[in-house]
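Encoded as structure tokens, the following chain is the form predicted alone, with no partner shown.
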């Protein structure tokens, strides 16, 4: 059965009722989308105008009038992922806010989403009242972060010298995914010498001396996911 986007009875419009927050749900799991819709539609000031299974569809629908907040997953089955979709959505003038809703709380995922322009970052195990509050906060243009996510960011700010940079985290995630230096170089459009330099800095910060040890240490600290 084809997984098609679900929309409300009427198409999104510019002139939503005053105070109404119009939502677009983007997640590749139908059960998750159905559950989110059921929870969010109990709020009197929320309207779910559409839900879609791909990041590409979220970008297309978010470009139309009538969406205030996009609830965005990070991982999709297609070519485009949540951070890339978030970046494309938020790059437009008058774009809706993007609230990332995911199961991942690693530095690699958090930094990718925030750098892409996400207004908020919430975990899928958040209680309904926390989700509703985060949606309203994001709609108002304010930062909406899960407590655990805010704590991780605060820890990075307290110890900036020891924290992996966004690029270092990205390199190490690709190492964990099994890519060689040459493959990482091609994926990130970096020279192999630059990749090696990043790895040296990573080893120093994590106090390790090998790729395997670096991946193990970073996974244990919640910097990357396996």
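Numbering follows the first chain given and starts at 1. Values in this document were obtained by computation on a predicted structure and should not be read as measured data.
Separately, the form predicted together with another copy of the chain exists; it is not shown, and the next lines address it.
**Student:** Within 4.5 Å of another copy of the chain in the predicted complex: all of 32, 36 and 125, by heavy atom?
**Tutor:** Contact check passed for all of 32, 36 and 125.
**Student:** May I ask you to check whether residue 47 falls inside a 4.5 Å heavy atom distance of another copy of the chain in the predicted complex?
**Tutor:** Contact check for residue 47: no, nothing within 4.5 Å of another copy of the chain in the predicted complex.
**Student:** Although another copy of the chain is absent from this view, report whether residue 99 comes within 4.5 Å of it in the predicted complex, heavy atoms only.
**Tutor:** Residue-level check for residue 99: no, no contact with another copy of the chain.
**Student:** Is residue 149 close enough to touch another copy of the chain in the predicted complex, meaning at least one heavy atom pair within 4.5 Å?
**Tutor:** Residue 149 lies outside the contact set for another copy of the chain.
**Student:** Please determine whether residue 210 contacts another copy of the chain in the predicted complex, using a 4.5 Å cut-off between heavy atoms.
**Tutor:** Although another copy of the chain is absent here, residue 210 would touch it in the predicted complex, with heavy atoms inside 4.5 Å.
**Student:** Picking from 141-149, 128-136, 87-95, 113-121, which part of the chain touches another copy of the chain in the predicted complex when contact means heavy atoms within 4.5 Å?
**Tutor:** Correct option: 128-136.
**Student:** Can you pick out, from 67, 52, 164, 176, the residue that has a heavy atom within 4.5 Å of another copy of the chain in the predicted complex?
**Tutor:** That would be 176.
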